[in-house]
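One chain follows as structure tokens, the form predicted alone.
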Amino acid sequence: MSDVKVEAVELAPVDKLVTKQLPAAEIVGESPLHHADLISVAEHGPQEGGVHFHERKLMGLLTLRCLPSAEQQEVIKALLGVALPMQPLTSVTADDSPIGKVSVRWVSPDEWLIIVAGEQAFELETRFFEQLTGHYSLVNISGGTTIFDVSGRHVVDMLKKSTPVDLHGSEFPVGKVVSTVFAKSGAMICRVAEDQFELVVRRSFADYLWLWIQDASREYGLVVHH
């Protein structure tokens, strides 16, 4: 986002500082691909193809790090509406959490990525610092990332050109998540359905990866959704 007004809010008594990253009402939030005019591409580009692309722009992403005690796990579950996925390379998603749809991705034994609607990130971060005690770290990384949703009957073929990960269904089932090399950059890849994947990518590489996906999808046909 550009020209974002930030609002600092001090939370007593834990003495935490939370920054509200949402733009003010008079400022339009811009995704990393705002210059690509995906609205026009979606309207005037191909309507059929083997790979479908959608940027889930301006989502709220928070990185949680901790070695959660039983008490902390209960508080986190109440805050998110789902328990932290403790098994390596797994994820959970709930549509009816206290703050709407939420997804939690396992990153490492002491790290998780939490994905919520952009307007909910500040509220969730605030509630964490109000209610969760003990040793932990929670960082809002929304401004530095974006999410690409890729799907279609040839999506796996496209992804095979981009990452060394074994994407066969027996090795990469629905719900699995990995952080890996993607097109000489990096991405967190989660399989959300048989022929649908979410790529969490860094904002600074979003344009490069969008160009890469266009090229890698050329032989299958690329359909853009907005």
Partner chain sequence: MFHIYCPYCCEYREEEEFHVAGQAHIARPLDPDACTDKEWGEFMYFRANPRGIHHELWVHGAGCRKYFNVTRDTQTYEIKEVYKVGEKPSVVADQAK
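Remember, predicted model here, so these are calculated numbers, not experimental data. Numbering follows the first chain given and starts at 1.
Unshown form predicted together with its partner chain; subsequent notes refer to it.
Is E130 close to its partner chain in the predicted complex, meaning a heavy atom pair under 4.5 Å apart or at it? Contact with its partner chain, no.
Partner contact for V174 in the predicted complex: its partner chain, 4.5 angstroms, heavy atom: No, V174 stays farther than 4.5 Å from its partner chain in the predicted complex.
Taking heavy atoms only, is E123 within 4.5 angstroms of its partner chain in the predicted complex? Contact check for E123: no, nothing within 4.5 Å of its partner chain in the predicted complex.
Given that the partner is absent here, does V82 sit within 4.5 Å of its partner chain in the predicted complex, heavy atoms only? No, no contact at 4.5 Å.
Of V75, A117, L89, A94, the one that lies within 4.5 Å of its partner chain in the predicted complex (heavy atoms): Looking at V75, A117, L89, A94 one by one, just L89 meets the 4.5 Å heavy-atom criterion.
Stretch 169-193 - residues with a heavy atom within 4.5 Å of its partner chain in the predicted complex: Read in sequence order, the residues that approach its partner chain (within 4.5 Å, in the predicted complex) are K176, V178, S179, T180, V181.
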